[in-house]
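For reference, the chain that follows is the form predicted alone, supplied as structure tokens.
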């Protein structure tokens, strides 16, 4: 696979410190012509599930050969592995702590495990000369990404492994009353509450659009197609652009209106006249 020269960055570093800029400097010091794109640096600190979700939302929208760097690394300096995941269309550089769980599942389902290679980053010639115990984003992941962007094959980065660590990402379950029970996994900048419930989960549960969604004591009848299907300031439930159930307030913030946060429970019932 020929690399595109594009490197994306996804971290929980925020923008108040110099960490992101330093990583970009390291990359440019090795791959001067690299094109860098910030996905987000506002992942909640150490939130592996949120990071895994965010990576899944953008994985299909970059040219073939893009290098994606994901640094949400609560185990930095510990015994967790550092890896590059090579799929037929992209390269992912990250700690092996679950942040690539959705990408790995999507890729192996699409292409099979034989076409998705994992290499542990064990070759120090592609790192900075000095590796700190607390900033592997600068000292390992950034230089590795730069070398990959230059076309160095991922197999040169270290030994091949058969698997990655998959985070125990909670899946929706059935409640005692037959409802589908999920959780909020992300709050976007608009205050939309994005859940771990997909249309596949709704279909498997035998639910259609005629459902009742409950969150923080509030009831929403039915799934809408767009935000504008409800009045200004009203709650709405719909399948959003990330192909997940989300709860929103038209021209407002559902998170603020409801006092909702990541991890809160969302329940989906069949509409009363649809129940058996």
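Numbering follows the first chain given and starts at 1. Just so it is clear, the structure is predicted and the values come from calculations on it, not from any experiment.
The form predicted in complex with a further copy of the same chain exists for this protein as well; it is not shown, and the discussion that follows is about that form.
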Worksheet item: Of the options 107, 121, 194, 148, which one has a non-hydrogen atom that comes within 4.5 Å of a further copy of the same chain in the predicted complex?
Response: 194
Fill in: Candidate from 167, 117, 76, 205 lying within 4.5 Å of a further copy of the same chain in the predicted complex - any heavy atom
76
Worksheet item: in the predicted complex, does each residue in the set 39, 42 and 238 place a non-hydrogen atom within 4.5 angstroms of a further copy of the same chain?
Response: yes
Worksheet item: Using a 4.5 Å heavy atom cut-off, which stretch among 153-161, 125-133, 86-94, 108-116 contacts a further copy of the same chain in the predicted complex?
Response: 125-133
Worksheet item: Using 4.5 Å between non-hydrogen atoms, is residue 214 touching a further copy of the same chain in the predicted complex?
Response: no
Worksheet item: Contact between residue 69 and a further copy of the same chain in the predicted complex at 4.5 Å, heavy atoms?
Response: no
Worksheet item: Hey, in the predicted complex, does residue 22 get a heavy atom within 4.5 angstroms of a further copy of the same chain?
Response: yes
Discussion item. At 4.5 Å between heavy atoms, is residue 5 in contact with a further copy of the same chain in the predicted complex?
Written reply: yes
Practice prompt. Counting only non-hydrogen atoms and a 4.5 Å cut-off, give the residues of 8-35 close to a further copy of the same chain in the predicted complex.
Written response: 12, 13, 14, 15, 16, 17, 18, 19, 21, 22, 24, 25, 26, 28, 29, 32, 35
